[in-house]
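Encoded as structure tokens, the following chain is the form predicted on its own, with no partner shown.
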Amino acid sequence: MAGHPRFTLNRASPVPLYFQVAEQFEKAIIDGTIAPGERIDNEIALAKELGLSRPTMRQALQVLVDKGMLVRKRGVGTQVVHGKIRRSVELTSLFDDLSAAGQKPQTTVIAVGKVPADEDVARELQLKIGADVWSLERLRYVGKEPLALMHNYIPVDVVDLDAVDLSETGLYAYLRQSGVLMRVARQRIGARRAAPAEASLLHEKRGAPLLTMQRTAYDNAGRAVEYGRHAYRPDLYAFELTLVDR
């Protein structure tokens, strides 16, 4: 059914009316008031209802189309799609960032257990090859859509992953609760094509592009406490950086 949030327009404000409409639409999409896939009223009906000109309403909707939050389909109308999760490159977890954005993170734990560290994991965690580490693989959702496939490794002497339900609790939140204070991390952002199993889990086509992130986090003593290799759907996710001229 077509719909929209309840708009409150301040015609005396210096903020343009089209921007006020776009901002309220965006908030409704982010907080789930308007669900992904839901069709909204056409611009003529919206303009008439709000007492706005059609060009003003068209401009408001175009802002959201440009942000990837609305899509126009011939014969269907204008529909809501998920806006990207824009994640600042800081020492936070995806669970933390989704919660801060007003989302309700949902997680499926694919596998958790102790495994011998391979050469890559051992190097990142400053361990001997073959040393036992926790291996944790999870699928993180935003709404009903799979967003990220996450694989984390943690030295066994850092924390006990058998003692927590990681489908309900974020890994970084559990580490903090266990007294592990992460102070700094080395992170690499990249891209690659999805392997068949990844594509299936993330509802992508085989070979589709994925955003990737590898991170090694250290505590305040300089000990490596976590190594993560994550893959994200680029239509739902983006890294955001602030650059400063020195």
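Basically, rigid core = biggest C-alpha set you can superpose within 1.5 Å across the two forms. These numbers come from a predicted model, not from an experiment. Numbering starts at 1 and runs along the sequence shown.
The discussion below concerns the form predicted in complex with the DNA, not included here.
- Proximity to the DNA in the predicted bound form, taken as heavy atoms within 4.5 Å, picks out 54 to 62 from the listed stretches 206 to 214, 54 to 62, 26 to 34, 193 to 201.
- The DNA in the predicted bound form comes within 4.5 Å of no heavy atom belonging to T107.
- Among heavy atoms of T78, some come within 4.5 Å of the DNA in the predicted bound form.
- For the chain shown alone, N42 is a contact residue for the DNA in the predicted bound form, at least one non-hydrogen atom being within 4.5 angstroms.
- Taking non-hydrogen atoms only, V225 never approaches the DNA to within 4.5 angstroms in the predicted bound form.
- Shown here without the DNA, the chain has R11, P16, L17, Y18 in 7 to 23 lying with a heavy atom within 4.5 Å of that partner in the predicted bound form.
- Once both forms are fitted on their rigid core, the CA atom of L17 lies 2 Å or more apart between this form and the one not shown.
- Comparing the forms between this form and the one not shown, the C-alpha position of N42 differs by 2 angstroms or more, with the core used for superposition.
- With the core held fixed, R72 shows a CA shift of 2 Å or greater between this form and the one not shown.
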